[in-house]
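Presented as structure tokens, the chain that follows is alone, the form predicted on its own.
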């Protein structure tokens, strides 16, 4: 009899990182693989599912405009309760630190279903930063049976919190599996860029940066554009109105700023490959861009991904106007500083993380 594995994701980054696991599980004859999309991010999620040819068996379509975290959490728990009662999976897998992941872990706990936490053990040790992600992943770790840690640093975080060593498996990060599976494809960026100008790629969407911090980021970009006529900015803008409205108001009229809708996964990889510098508050970009040899300046004051910072290929700059301007300008002007960050180092995996996760499940259910 096959063991039923329910794989859950709700956002685009989750789908990217779960895709290699889902595809690897489906290659195993001993598993009945079911896919649940909560659709915490509807449009962004659909893009990724097409790239990896994954179709959800269950789609909760949970997101509503400007939905409060309390409402989202309550709706997810109620919907997941119904799903688990109907599906009766033997195990459930989810990735990361979103509200989807936290509620999946809690629902599995209530139903006494083994839960595997993919990308376990990331920590900033500050419950307010990032918010609410740090809380989400801490709760998921308290409830998980399997802790699939991407790095040795993540493993040590879990050990300090009392997780048994036998329950922690260092796998690498599945985002590298996904990236390596597509990086050699013929990808086109559907946006006309000026090849004579160096590209600064921007992604900024985190809740803790709404308001004044995001305005500081925009002001810094405008100053850099004024000082450097040889640069251009590409910013795929997150649809959240807290981001979209401000970005278009402050940056939309500049001739060397391209604001576009969020890019599909393959065009976004193409944008990273075309970039000179990346400014981002995204966790996934911190993992992907170093593997492509692109310096990342992180628009946050803390990161749960210290490995690339330790390697010197990622740097925290926060959202302070002066710091952003200074650090970007240094990379634009100092070739030695730039090359030291553009070394093509990948501290997050070798592209075989999904295989290691599947082996753990195969051995357990055997």
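Numbering follows the first chain given and starts at 1. Keep in mind it's a predicted model, so treat the numbers as computed, not measured.
Not pictured, yet referred to below: the form predicted together with uridine-5'-diphosphate (UDP).
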Counting only non-hydrogen atoms, which stretch in 184-192, 142-150, 263-271, 219-227 is within 4.5 Å of uridine-5'-diphosphate (UDP) in the model of the complex?
263-271
Can you check whether residue 283 is within 4.5 Å of uridine-5'-diphosphate (UDP) in the model of the complex, heavy atom basis?
yes
Verify the contact flag for residue 177: yes if a non-hydrogen atom of it lies within 4.5 Å of a non-hydrogen atom of uridine-5'-diphosphate (UDP) in the model of the complex, no if not.
no
Indicate whether residue 117 is a 4.5 Å heavy atom neighbour of uridine-5'-diphosphate (UDP) in the model of the complex.
no
Determine whether any heavy atom of residue 24 comes within 4.5 Å of a heavy atom of uridine-5'-diphosphate (UDP) in the model of the complex, and answer yes or no.
no
When uridine-5'-diphosphate (UDP) is considered in the model of the complex, the residues of 343-357 having a heavy atom within 4.5 Å of it are none
